[in-house]
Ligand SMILES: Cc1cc2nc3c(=O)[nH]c(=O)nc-3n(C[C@H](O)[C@H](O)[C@H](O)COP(=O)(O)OP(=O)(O)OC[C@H]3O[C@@H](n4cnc5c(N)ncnc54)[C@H](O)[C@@H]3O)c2cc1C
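The chain below stands alone, shown as structure tokens; this is the form predicted alone.
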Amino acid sequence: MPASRLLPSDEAVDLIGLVRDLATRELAPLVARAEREEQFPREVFRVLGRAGLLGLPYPEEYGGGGLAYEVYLQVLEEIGAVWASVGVGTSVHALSCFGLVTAGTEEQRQRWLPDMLGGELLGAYCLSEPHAGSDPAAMTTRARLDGDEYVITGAKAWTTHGGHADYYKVMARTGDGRNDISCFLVPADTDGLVADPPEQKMGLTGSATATMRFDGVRIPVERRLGAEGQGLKIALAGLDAGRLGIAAVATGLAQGALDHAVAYAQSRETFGERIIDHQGLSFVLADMEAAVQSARATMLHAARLKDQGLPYGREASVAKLVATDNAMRVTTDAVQVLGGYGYTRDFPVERYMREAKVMQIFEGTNQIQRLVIGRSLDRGDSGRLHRST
């Protein structure tokens, strides 16, 4: 995979500004109704695809933007600040493309990537199972080779875009060893592939999440990515990048909550003063700002390591942990700043708070992130050796 192209700073600023304008103009008017009515915003992803925003970190030769991951994550943050469901969906779609970009043949890339990166084909990622979430190597979904086809049988839980995606990147067992797992691209219209009714979630209600069931799903061998047994390696490598995507969306979500809290505190008066002028509340807002900035800093540090081709797995876990924990605190404080109004649906901060919770859970729970970080420390890895410049 060619190295990402780092935009000149003024070009990057212009791009991020354009995304901020698009999110404000095109997405913001749709959010409240779509989330309230649990409408999946498929057309929004087409808009983002046509704007070139679904393939930003991938090579230009296949229809991507060829941009540095640092810039891509800031774009995700802008989307997440307005509509977290779409931000998460954009990150998941990028994750669904990762295996094809990094492990696919040139013929596979030329055949499928342009429509995937252009938004005509929306992807989903099938790794977790009902009893194999934090331990993906315990999966039981199996792909059996039958002539020139694989027959996939099993179920995949917690699939973002489940029932709405055009294709599914699927990890399935192809041998009896714990790590004998392979990676496949499965079209949504394949016989035997069905989606359960979507989960009834407390947040991200505009994002469909469903269990996908594979009942003797037959796909040609040419839809396997990489060699047999490489699937878990592909999945785990993609998760490092995916964790940064969630960190970016969580940072954007926290920034959006902070913006609403500041605007409210500037307009609301008590005892003859704006409430932002009361020290007790201004300190809360200051802590919220510090939390957002620290999340952004850890995220961008990890992205710069990735862009330089340096190890960044532990830093990705740190970024995901810090950004999502901070988003939970910031959104909770935003509700507190607005008082009783914050607890109503007249203002979006209660939705932000509900949306922040799941970000501590998916792409590896924050307990798993702590486990990854702790093991890295035990191995003697040192972040000081990987300082980005």
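Everything numeric in this text was worked out from a predicted model, so none of it was measured. Heads up: residue numbers just count along the shown sequence, starting at 1.
Keep in mind the form predicted in complex with this ligand is missing from the figure; the text below concerns it.
Exactly one listed residue, out of V292, L127, I234, V86, brings a non-hydrogen atom to within 4.5 Å of this ligand in the predicted complex: L127. Interface residue among S134, T140, S267, N179 relative to this ligand in the predicted complex, by the heavy atom within 4.5 Å criterion: S134. Figure note: of the listed segments 151 to 159, 303 to 311, 112 to 120, 256 to 264, the one touching this ligand in the predicted complex, with heavy atoms no more than 4.5 Å away, is 151 to 159. Although the partner is absent here, V358 is a contact residue: one of its heavy atoms lies within 4.5 angstroms of this ligand in the predicted complex. Put simply, K201 is close to this ligand in the predicted complex: some heavy atom of it is within 4.5 Å. Mapping the unseen interface onto this chain, Q367 counts among the residues with a heavy atom inside 4.5 Å of this ligand in the predicted complex. A residue is said to contact a partner when one of its heavy atoms sits within 4.5 Å of a partner heavy atom; T174 fails this definition for this ligand in the predicted complex, lying far away.
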